[in-house]
Each structure stands twice: as structure tokens, then as C-alpha cells.
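Given next, in C-alpha cells, is a single chain: the form predicted on its own.
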Amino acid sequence: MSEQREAGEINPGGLGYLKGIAIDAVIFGFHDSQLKVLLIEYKRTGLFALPGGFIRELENINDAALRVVSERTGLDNIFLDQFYIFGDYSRYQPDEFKKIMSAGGMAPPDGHWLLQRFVSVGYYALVDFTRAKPTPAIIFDSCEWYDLTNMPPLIQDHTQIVRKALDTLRAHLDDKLIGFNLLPEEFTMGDLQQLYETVLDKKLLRPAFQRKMLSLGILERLSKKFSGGAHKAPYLYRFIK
């Protein structure tokens, strides 16, 4: 959602928005050897959720997802992928949204469009943790990074959405070139292995990992990283554009 509540979101009929469909974004970052996820807390409710939003009638769905992620991170050049549709009836919990809207100063009628059942299109985004600037909207108390292993309880099926996004990420580590967004532009093979081990949650054999990564043809080797001894210094790499 934008910083200023748009008229269609407040309007009971949702003028200018597609009805019954929303976007939920799992925004991953990597920092201090931990995989992070960006979460928001709705103002004066204690309810936590994934960043999300709605699709304008004249807007492409991928453009809407990029808008949602950009508003929360302050970034434009973002790797973003659609990974699943979430539509189980059990995710329909209008009382939570009544609480959120009431805390924001609204008294929604029962027929308000935001209280109807929504199907959500799940996207995951990979961003540079050091460049992202988590930005809350006017209806949030906070927009912050959380360790995947230490998330607060989330509304609806958002915990399930995070798990599904992580499973998808693990299944596409190589062909999605995740390090392009989760690592600095230049990195060591050790940095890359640490990222893979964090995402996969398991240790990898160093020689086998290095052979595999070099065989993919996606890395360009640069000069050695200065560490006081050239013969021991690791090489720096970057992804081939």
C-alpha cells in the first residue's frame, strides 16, 4: 500500500482496484550469515504480516508486485518472481482486517471490499540487505527484518507463504542466480558457499561446491582479496551479467 491511503482502498467498493485478488511478497535479504525476511506490523494491533498490496484496474500484476516491494524497500532493481497462488478458504479471516481497519480510524461496513475473500498471488524478492531501506506505510507501526528462525506469528496463511517461498528458493538456487541480489557485487567462494549453506540449512563439501559453481559458467574470477598474504588470499568473484 502507498504511504497515503488511496481513495479506492478506503472506498467500500474498492473503486479502481481488482476485487478478490491481492499480492503478498516474501522479501529475502542475507546478513551476518543469516537469511532475513521483511515483515510489517499493523499499527496498534500487534498483528504481523508480509508486505502486500492490491492491483489497480489498469496495472499489470507484475508491475503491482514491483510497486509493493519497491515501496517497502526503497529499491527499484529487484529480482522478483511469482511462485504460487494462495486461495484456501481457511485464509479468509475478516475479523483480523476489521481490527486493522478500526485501528487505522475506519469503521468498515460488513460489505466493504477489504473484508471479502481474497486470493493472493505470492512473489518472492531477493534484495541487497545493505542497500534496502525498510519503509513502513502510514498504517504500519514497523517494517523490519526478522531472522527466518525467529519470526513472530503472522496473520492468515503468511507463515505458510514464507515456507513455500523458501522451498521455491531452495529448488532454484542455481538457475535464479540468487547471489546476484543477496551478495555484494564482488565476493569470495567462501561467501557464496556460506549463502548456499544458509539457504539450504546444511553443510556443503568445499571442493565439490567449488567445482559445481565453476562448472555452471556463471562466475567471473577477479583479483585476490587482500588479507596480508597473497599466497593465502582467496580470489574474488562476481556473477557474469
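Only a predicted model underlies this, so the values are computations on that prediction, with no experimental measurement involved. Throughout, we count residues from 1 along the sequence that is shown.
The same protein also has a form predicted in complex with another copy of the chain, omitted here; what follows describes it.
Interface residue among 197, 57, 174, 186 relative to another copy of the chain in the predicted complex, by the heavy atom within 4.5 Å criterion: 57. Among the residues 77, 130, 149, 90, the one placing a heavy atom within 4.5 Å of another copy of the chain in the predicted complex is 90. The closest heavy atom approach of residue 138 to another copy of the chain in the predicted complex falls outside 4.5 Å.
Interface residue remark: residue 214 is not counted as part of the site for another copy of the chain in the predicted complex, having no heavy atom within 4.5 Å. Although the partner is absent here, residue 61 is a contact residue: one of its heavy atoms lies within 4.5 angstroms of another copy of the chain in the predicted complex. Residue contact check for residue 19: one or more of its heavy atoms lie within 4.5 Å of another copy of the chain in the predicted complex. Look at 82-90, 99-107, 150-158, 69-77: in the predicted complex, residues with non-hydrogen atoms within 4.5 angstroms of another copy of the chain sit in 82-90.
Contact annotation for 106-121: residues with any non-hydrogen atom within 4.5 angstroms of another copy of the chain in the predicted complex are 117, 119, 121, listed in sequence order.
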